[in-house]
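The chain below stands alone, shown as structure tokens; this is the form predicted alone.
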Amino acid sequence: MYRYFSEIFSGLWSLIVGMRITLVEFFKPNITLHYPHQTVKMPARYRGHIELIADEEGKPRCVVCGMCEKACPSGCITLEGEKPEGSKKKVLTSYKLDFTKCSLCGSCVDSCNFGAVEYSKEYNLASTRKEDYHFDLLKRLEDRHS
């Protein structure tokens, strides 16, 4: 009989402790963001996918040296360039990133000696289609500067 009432008392005590914790937390201010209507400000050190950097004229700084492509352990970067007639430098014609393979290691950013590639602050990349993660970074740069 003693054991029976002891278990009832123990159960009631744990219920009271749990309700006390719930009551204390109920009156604390909310820290949750209401996602589609409010967004998180990304810290300066956030590393998203890479993006090309433009020079003063709005053209990409990339000189098509291929160091980012060689440094990428995932093989997710492909770039192409051509040397126009009468020009000394190559011109970037295509810079593609397959974000489905990217491990966000940062080797491409570290290997670029010209400061042509940096991390993006874009974080909301939700999609159900694989094609949405194949980025043409040259086209994105042109869209930003037009």
Partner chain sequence: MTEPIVLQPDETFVLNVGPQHPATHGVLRVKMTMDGEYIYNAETVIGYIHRMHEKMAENRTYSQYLPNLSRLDYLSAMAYSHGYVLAVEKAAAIEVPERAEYIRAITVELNRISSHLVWFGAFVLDLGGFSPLMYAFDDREQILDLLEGITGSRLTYCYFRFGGIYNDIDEDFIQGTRQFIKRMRKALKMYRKLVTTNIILIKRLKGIAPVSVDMCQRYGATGPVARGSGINYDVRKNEPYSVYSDFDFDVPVFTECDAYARYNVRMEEMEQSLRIIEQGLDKLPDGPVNPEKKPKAIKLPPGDYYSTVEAGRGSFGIRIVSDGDKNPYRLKLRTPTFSNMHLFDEACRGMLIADALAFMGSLDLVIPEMDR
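Since this is a predicted model, take the numbers as computed values, not measurements. Positions refer to the first chain, counted from 1.
Missing here is the form predicted in complex with the partner chain; even so, the following discussion is about that form.
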property: Contact test in the predicted bound form: Lys83 vs the partner chain, heavy atoms, 4.5 Å; result: no
property: Asp143, heavy atom within 4.5 angstroms of the partner chain in the predicted bound form; result: no
property: Contact test in the predicted bound form: Glu25 vs the partner chain, heavy atoms, 4.5 Å; result: yes
property: Contact of Ala126 with the partner chain in the predicted bound form (heavy atom, 4.5 Å); result: no
property: Partner-contacting position among Ser87, Thr93, Ser103, Thr39 - heavy atom within 4.5 Å of the partner chain in the predicted bound form; result: Ser103
property: Partner contacts in the predicted bound form for 40-61 (non-hydrogen atom within 4.5 angstroms of the partner chain); result: Met42, Pro43, Arg45, Tyr46, Arg47
